[in-house]
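Two separate entries follow, structure 1 and structure 2, each one form of the same protein chain as structure tokens.
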Structure 1
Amino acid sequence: MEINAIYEGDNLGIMSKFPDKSVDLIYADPPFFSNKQYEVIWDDKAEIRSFEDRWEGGILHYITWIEPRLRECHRLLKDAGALYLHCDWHASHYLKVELDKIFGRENFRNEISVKRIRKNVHEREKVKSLNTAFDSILFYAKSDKHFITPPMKEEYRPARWHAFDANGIRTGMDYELFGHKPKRGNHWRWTKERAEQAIKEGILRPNPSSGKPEYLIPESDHTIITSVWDDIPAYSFESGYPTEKSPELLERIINMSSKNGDIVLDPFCGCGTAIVASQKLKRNWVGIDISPTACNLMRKRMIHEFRISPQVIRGTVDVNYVKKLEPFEFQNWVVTNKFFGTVSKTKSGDFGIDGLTPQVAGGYPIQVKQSENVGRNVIDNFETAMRRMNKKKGYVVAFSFGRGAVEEAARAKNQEGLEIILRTVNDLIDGKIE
């Protein structure tokens, strides 16, 4: 297992190669069983990317799919380790039964409720249930050796009290000294001016809703937070990756169940919230995701936030894997993973081409077609784009090419001096690019 590395591929195969008892903490945020398709617009309006968590075979299909992955998680955890499984109401009860079987009921620690995004409903007469307020995070320890650093609840108490004279008549307001209850008629009281000064000095704070002065009770009196986490957001919208979780959520979990230098694994890493939080909190980490887009995004986030370029370990890819990729994933796989180029943001702005090879390699156009038997018309259109871009060389990638395409590429070379290189997906898998 490479540490501080991103693995691209199905987490089942990848985890199965990792040694027993090698990680301290796992946060797993699998696609939910919610029959929903998330759609997000990335960077520019022309490109809609989607992320599906559709399970046509029903809940049993979902459970059959996830069960071996949860077993791997259990195997990989050290005895003092823990798993946090993020899920929603559709499957949390089924998943809890599975985890009871795998981890043992005695190792269940908490079902943590984290705030969901509230949905607006436009057709009120069609509503059948309330908005669901919470996702669930099922927290299991590998054994009773797992101890947490409990997050403590900071509590504030009002620092403003009624003041009375010797006859018990109310005379106005008094301000309590930091951390001490006011005693009637004693010298602990502050004037209004002093209390205002204390707010400026940060000794008191104005209550966020009422504005009345209040103070933080001493740390020794703080209480451990409950399993309802409504003080932090669960979701974030920073990278635009669908279902992105918030840094606050991941930092709380990592702080709670690991320490400096521990290894944190996220087998469904998405845009990498868990690995970013781990790096920030000085943990080691391993991120896995099946999506090449997600892995590229994670790498970019690590470079952007920490100026480190983590290793991306790509598993063996076969044609069937590539066939199943979403169209934008296919485009990313070809352009970014194989040509190390840049994906076109707007089709129209880039003459309809899908990407460019790196500038050092000529900045040549790349066209990708996720289909078989690509014909002459595709090559014709590509020639037009090449001429408009003033490029003499370019690449077209497809699963296979028809005779017309091969003939047209040969004609363009002989008669017009345009070098159009036709590459099949198998060529790219075999490393045949030029």
Structure 2
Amino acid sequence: MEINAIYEGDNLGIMSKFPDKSVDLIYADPPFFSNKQYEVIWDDKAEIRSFEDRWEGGILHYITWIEPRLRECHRLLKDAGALYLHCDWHASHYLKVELDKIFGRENFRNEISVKRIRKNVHEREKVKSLNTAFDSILFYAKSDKHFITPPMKEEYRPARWHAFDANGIRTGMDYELFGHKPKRGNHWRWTKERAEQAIKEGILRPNPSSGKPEYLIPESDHTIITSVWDDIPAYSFESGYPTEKSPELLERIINMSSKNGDIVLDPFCGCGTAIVASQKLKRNWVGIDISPTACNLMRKRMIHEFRISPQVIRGTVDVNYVKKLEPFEFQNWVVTNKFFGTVSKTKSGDFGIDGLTPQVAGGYPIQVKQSENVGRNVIDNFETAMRRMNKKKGYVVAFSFGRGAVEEAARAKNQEGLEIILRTVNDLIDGKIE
């Protein structure tokens, strides 16, 4: 298991190769058993194929699909580790029964309720049920050795005051804060300067709903948070995807159930919020997702937010997995996820060029062949395309190469100065590019 790495592929096969008791905390956010079309987020072939596998046959098939993955999570956790499984009302009761079997009922800690997005209803006469206000997070410990550090919940109360000068004498004019003037009656003796300083210090703030001023009560009066998390949102839309979880949610879980240097695993990583929060909080992390598109987005997020090398994506799929990919998906796997390049936008007339390496790496052409025993003719055609592009270097990727292809690549280099690098799928899986 590589830490601080993004793994691409089916998490069941990937996790099965990780060692026992190697992870401190798991946050699992599997696709919900809800609306089918809503669950296809990335719209690439790997995700759609996995989606069809887990949906065919209804809820019992869904549970059959997820059960071995939950067993792998249990195996990977250290004795002092914990699992947080994010779900909703469609399957939470089924999942809890499975987790009771796997972790033991005695290791169930909480069903945490976290606030969803509020929806407006315009046709009240057609409503058959109340809006679902919360998702569920099923919190299980591996054993009694797991302890949490629950945060204190900050509490605010309405602030009522009049404006006073430095001598404590009322100025005769109410001081307006956040667009609101205080009502008559009980009040706090704030000078204008003190109120403005309190705003900077976070002691005074506008109420999130009404905008009226309120003040933070002393820390000694704060209370430990309960299992109802209505003070932070469950979702965020920073990356533009409908099921992206909020940084506040992941940071709370990670702070509560891990410490610096621990390993956090997210086996359904999606947009990568869990690994971003882990990196921010100085934890080690491992992210897994079956979607090449999702893995590429995660890589870009880590580069943008932390300037981490794009080599965080590891070759974690075997040849049999790659052989099942659709042609365009195979091309995307090679060009985008292994070379970190750009896929050719033209479907024909591209002279056999399927993509380019990044400009910083020379912008060299890449040709992809999803076949065995690629012959001399493929290399001949690739040479022609390289000359048209005025490039002296390029890559051809296939499952295997025949003797003629190897000999022609050697001839082109020795006689014409064209460096054609032949790489097999196994080379890419092993990280061998150059």
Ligand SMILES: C[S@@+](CC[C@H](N)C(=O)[O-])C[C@H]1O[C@@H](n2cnc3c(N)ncnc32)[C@H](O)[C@@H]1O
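Numbers follow structure 1, counted from its first residue as 1. Rigid core here is just the name for the largest C-alpha set that superposes within 1.5 Å across the two forms. What you see is a predicted model, and the numbers here were worked out from it, not measured in a lab.
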### Message
Between the two structures, is it 1 or 2 that corresponds to the form predicted in complex with the ligand?
### Response
1
### Query
Does the distance between the two CA positions of residue 26 reach 2 Å or more between structures 1 and 2, the core being superposed?
no
#### Entry: residue 12 C-alpha shift between structures 1 and 2 of 2 Å or more, rigid core reference
no
### Task
For residue 300, decide whether the Cα shift between structures 1 and 2 is 2 Å or greater, given a superposition on the rigid core.
no
### Message
Give the rigid core superposed Cα shift of residue 423 between structures 1 and 2, in Å, rounded to one decimal.
### Response
14.7
#### Entry: Cα displacement of residue 207 between structures 1 and 2, core-superposed (Å)
6.2
